[in-house]
Structure formats: structure tokens, C-alpha cells
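This text opens with one protein chain seen in two forms, each one given by itself as C-alpha cells under the names structure 1 and structure 2.
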Structure 1
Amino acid sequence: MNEDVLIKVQSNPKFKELVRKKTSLGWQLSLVMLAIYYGFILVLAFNPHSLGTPIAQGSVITIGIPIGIFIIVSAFLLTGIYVRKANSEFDALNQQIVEEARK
């Protein structure tokens, strides 16, 4: 990449917008995932038996089971949110930045 293109991109307000939006969404969703997972790990570490509470009186299913399934499903949903946002909004913005840098 030559200096010229670099400076053009860096001074483009759309680039700053892209960086801000993309980075903040990336970190926010990462934090959500980390919070969900390490929340679970901490329960596992300090109070594992609480996960053995039955979901209903007389049921053998413990709350640990739906929580586990929820964590798996949440991972998929979070990636879906990111891809949706990135495909629609970020890519369009990026396209403009790349085209403007070529001028």
C-alpha cells in the first residue's frame, strides 16, 4: 500500500466511522460472549452443585442442562447478529472507502 492511499483512507471520515462501529460492535459482542461463558465457568468453579437443581419438582432435568444448551445457542446467535450487521452496513461503508481511496 503506498503512502498516498494510506493517507487518503486514514483521513476519510468514513474510515473512522467504520473503525469505530466495527470495533465497538466486535468488542461488545465479545464481552457478551465472555460474560455468558465465564459467568458459567465461575458458577462451575465456586458453586457447581447449584447447577444440579431440578428445573421442576420431581424432574431429573437439572437447570444445568438448559443453561448449557443456552450457551451453545447464544454463540450461534451472536455470530448471526454480527454477520448481519457487517454484511449490510460495514461492507457498504468499506466499499465506499475503497473506491474513494482509488480516486
Structure 2
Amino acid sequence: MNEDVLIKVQSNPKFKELVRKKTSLGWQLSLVMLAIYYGFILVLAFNPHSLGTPIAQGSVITIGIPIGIFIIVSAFLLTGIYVRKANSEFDALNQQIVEEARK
């Protein structure tokens, strides 16, 4: 990439918007995942017996198992949210930036 195209792209307001939106979404989703994960760790550290409580009387499945599954599933969901946003909004904005840089 030559220097002129690079300057064109970096000075494009749509590029700045794309960077801002991607950064903002990335931080938001990261904070949600960190809150979920560290919330689990805090419960584990300060009240570990609560996770060992059976779901129902006589059940061998404890509350910790669905919570663990929730943590794993939430990671996939948050990744899916980012991918969906990237494939729709971010890719369209990226394409506009590329087209404007070619002019």
C-alpha cells in the first residue's frame, strides 16, 4: 500500500467511525465476559459450597454445572454477536472506505 492511499484511509471519517465502533464493541463484549467469568471466580472463592448445592433434592447435578455451562455458552454467544456485527455493519463500512480510497 502506498503512502497516499494510507493517508486517504486514515483521514477518512468513515475509517475513524469504523475504528471507534469496533473498539467500543470489543471492549463492551470483553467487559461482559470478564464480569461473568470473574463473578463465577468470586463466588467460587468466597462461597464455594453454594456451587455444590444440588439442583433438586436427591439430584446429583449441582448448581455449579449449569452455571459452568452458562459461562461457556455466553462466550460463544458474545463471539456470535461480534461476528454478526462485523459481517453486517463493519464489513459494509469497510467496503465504503476501500471504494473511497480507490478514487
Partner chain sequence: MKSRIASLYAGLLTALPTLALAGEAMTGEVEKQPLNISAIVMFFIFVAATLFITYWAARKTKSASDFYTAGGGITGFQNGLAIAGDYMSAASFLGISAMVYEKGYDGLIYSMGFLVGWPIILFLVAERLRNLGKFTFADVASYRLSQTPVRMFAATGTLVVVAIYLIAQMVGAGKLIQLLFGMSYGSAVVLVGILMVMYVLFGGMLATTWVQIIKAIMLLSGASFIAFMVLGKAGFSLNHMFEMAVDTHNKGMAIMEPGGLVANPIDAVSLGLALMFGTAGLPHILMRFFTVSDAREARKSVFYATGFIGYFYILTFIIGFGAIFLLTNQPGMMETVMKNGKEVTQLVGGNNMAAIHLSEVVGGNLFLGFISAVAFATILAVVAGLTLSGASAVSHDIYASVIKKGKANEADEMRVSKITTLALGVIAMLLGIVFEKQNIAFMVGLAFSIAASANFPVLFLSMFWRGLTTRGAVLGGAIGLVTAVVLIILGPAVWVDVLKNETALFPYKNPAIFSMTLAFFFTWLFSVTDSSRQAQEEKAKFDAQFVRAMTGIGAAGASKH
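Counting starts at 1 with the first residue of structure 1 and goes up one by one along its sequence. Superpose the two forms; the largest set of C-alphas matching within 1.5 Å is the rigid core. Every value quoted in this text rests on a predicted model; they were computed, and no experiment measured them.
Of the two forms shown, the form predicted in complex with its partner chain is structure 1. Superposition on the rigid core between the two structures places the CA atom of Gly26 less than 2 Å from its counterpart. Core-superposed comparison between the two structures: the C-alpha position of Ile55 differs by no less than 2 Å. Comparing the forms between the two structures on their rigid core, the Cα displacement of Phe70 stays under 2 Å. At Ala45, the distance the Cα travels between the two structures is 2.9 Å after the core is superposed.
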